[in-house]
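One chain comes next, on its own, written out as structure tokens in the form predicted alone.
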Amino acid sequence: MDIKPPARIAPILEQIERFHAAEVRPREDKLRHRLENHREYLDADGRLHPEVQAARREIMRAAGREGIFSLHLPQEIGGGGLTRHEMFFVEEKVYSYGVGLNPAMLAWTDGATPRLMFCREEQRARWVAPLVAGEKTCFNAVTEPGAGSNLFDMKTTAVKKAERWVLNGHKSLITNPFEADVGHVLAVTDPGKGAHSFTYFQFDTAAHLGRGFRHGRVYKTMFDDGLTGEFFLEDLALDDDAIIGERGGGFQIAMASINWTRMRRAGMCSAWSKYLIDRTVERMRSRDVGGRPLGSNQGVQWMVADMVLDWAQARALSLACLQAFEASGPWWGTRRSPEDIRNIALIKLSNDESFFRVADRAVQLHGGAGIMKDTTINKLFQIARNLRIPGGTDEVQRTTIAETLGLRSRGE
């Protein structure tokens, strides 16, 4: 198992270092008053402040020009063609800078996602190219008020009427619904056909706003992201060329995308855990209590040691799972073995929970400074708690792991 970055991506990591210094840090310095004050980070409606949103967009476009933004996607659609094992180190590098504007350097669910790999050749110029280049953003609409981890509870429908598809539904807990240029929506087209019941659609949000597509509430999440909300589809009419992939292929596309977000946890959580460990060690060395460094107390030392243990174990497990996963075929493949599925669940579960434990101890060891809302320590704690729900809850991952071992609930 390779713990260190492969030699071929060393130049990419150096490129990211230069890019961060030239494009990200200056924007963070300019917007420090907003990034370090949740009241300034959001606008009056609770959305991400336009200045912060504009800076994120500028970084995305610049990262696209530098070939950084979509390193994870195949070269045939404009990506960098890196493996998931290689992307672990890229993501670890990007997130090692903390929680400012640096995440905008890499595509996330509001950018160039694996769904683009299923677009047909004739769709690439309009839909794929601008997202891969970071010139446009999108949203991925799967979750609904009554449908979360179980896609089969979904109520949003797409019905073929004459030559057009008519979509109706209510999507909730969606990232980037208000600013996205492109909408990706999973809908039921063939009810009762199991995994073949669903189809993915894409559309131009500006062209359909008020014409079948309507914004809803902004959701005020625990970490004040300003990017989460809901929207409504009310007789949204789309042509056949709006379909991503094939009719009935939406479930497999959704799982490829969801699995990507689960595997992406590895580098992200490793970087943020190490960030918290480093800041906590600095605090323990510099903070004097009773004339002695706080870190000289054995109880404190053991808590820090447990933080390192959590980080190191999750990191090593992630790298082992990623290498095993890729040995069986391309990471975006839609047909996976039980071992592949188990490895993905192990990555998400181990990183979600280890990162949360690291963040919880970091807050505890920072004492009063740790509970201050606008500190990086506290922000990362809020993010750590949040990560245990989207992309499939920790409980869902445990069930998945059990199922891949041949265990089923009674009656199944």
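So that there is no doubt, residue numbering starts at 1 and follows the sequence shown. Everything numeric here is computed off the predicted structure, so don't read it as measured data.
Heads up, the form predicted in complex with a small molecule isn't pictured, but that's what we're talking about next.
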- Would you please decide whether Leu13 lies within 4.5 angstroms of the small molecule in the predicted complex, comparing each non-hydrogen atom pair? no
- Using heavy atoms and a 4.5 Å limit, would one call Ala314 a contact residue for the small molecule in the predicted complex? no
- Query: Given that the partner is absent here, does Gly216 sit within 4.5 Å of the small molecule in the predicted complex, heavy atoms only?
  - Reply: no
- Query: With a 4.5 Å heavy atom cut-off, would you call Asn168 a contact of the small molecule in the predicted complex?
  - Reply: no
- Query: Which of these residues, Asn297, Ser96, Thr143, Gln123, gets a heavy atom within 4.5 Å of the small molecule in the predicted complex?
  - Reply: Thr143
- Query: Which residue, Thr280, Thr228, Thr113, Thr137, has a heavy atom that falls within 4.5 Å of the small molecule in the predicted complex?
  - Reply: Thr228
- Note on the structure: Per contact check vs the small molecule in the predicted complex (non-hydrogen atom within 4.5 angstroms), the hit among 168 to 176, 155 to 163, 321 to 329, 266 to 274 is 168 to 176
- Whether Leu35, Tyr41 and Thr376 all lie within 4.5 angstroms of the small molecule in the predicted complex by heavy atom: no
